[in-house]
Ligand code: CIR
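Form predicted on its own, single chain, as structure tokens, below.
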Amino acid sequence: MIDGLTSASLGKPDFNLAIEQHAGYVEALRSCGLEIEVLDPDPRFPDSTFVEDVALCTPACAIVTNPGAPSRNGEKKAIGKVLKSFYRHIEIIESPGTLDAGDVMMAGNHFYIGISGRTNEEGAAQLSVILERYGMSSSHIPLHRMLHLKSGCSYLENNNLLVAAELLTHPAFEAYHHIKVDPAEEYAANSLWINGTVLVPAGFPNTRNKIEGEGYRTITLDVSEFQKLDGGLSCLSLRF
């Protein structure tokens, strides 16, 4: 994990602390009523802790993505095997399309797909076709600065969108009630709604207070070692 990809200048992750933080994350998910399957570590792929990127889980099907970082390509086979235990229908994004599911935000039956350095137009187009086949809709959101779409926004259900940076004024999100994240707390835009509770990264009190002000219960989690690898709360799990 300490050799994972990063553009952040926050230092090298502390592996033992990361293990503790991951255990806290798992326990928080359990406390929200979820059943958890923790996958075995795979030292061949130091970014595989960010399991969200290699698959998209929808109510109708699972999609194994084609990650935009070549070093993550080998994660697809392992996650495909896992998903067969849960899904009858599994779809695949094919090259030259690339797709990181961190670029995909589900809001009801609609999926917003970020076009980023990791997700290209071809990958997004393939995903849109798959979603439509199963009765779901999508729209594409070009990104200019953020690593992933969900680096800058999180859907908290009930028409509430936690949103930051370049997405604050995006016309695709006009219909939602915005919970605006201050520029100094942009990392907290990746918070995670689970059964009415919102997991919020530690160290961003203004964002937590705004979320609580909308009536949500929150759980604060320290994920500092994952932040050093550009990873957030949603990145660490597949939820369905």
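Bear in mind that the values here come from a model prediction, so they are computed numbers and not experimental data. Throughout, we count residues from 1 along the sequence that is shown.
There is another form of the same protein, the form predicted together with the named molecule; it is not shown, and what comes next is about it.
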### Query
With a 4.5 Å heavy atom cut-off, would you call Met105 a contact of the named molecule in the model of the complex?
no
### Query
How about His140: is it within 4.5 Å of the named molecule in the model of the complex, going by heavy atoms?
no
### Query
Closest heavy atom of Leu5 to the named molecule in the model of the complex, within 4.5 Å or not?
yes
### Query
With the cut-off set at 4.5 Å between non-hydrogen atoms, does Pro13 touch the named molecule in the model of the complex?
no
#### Entry: Segment that reaches the named molecule in the model of the complex - one of 82-90, 109-117, 123-131, 146-154, heavy atoms within 4.5 Å
146-154
### Query
Using a 4.5 Å cut-off on heavy atoms, which residues of 214-240 contact the named molecule in the model of the complex?
Leu229, Asp230, Gly231, Cys235
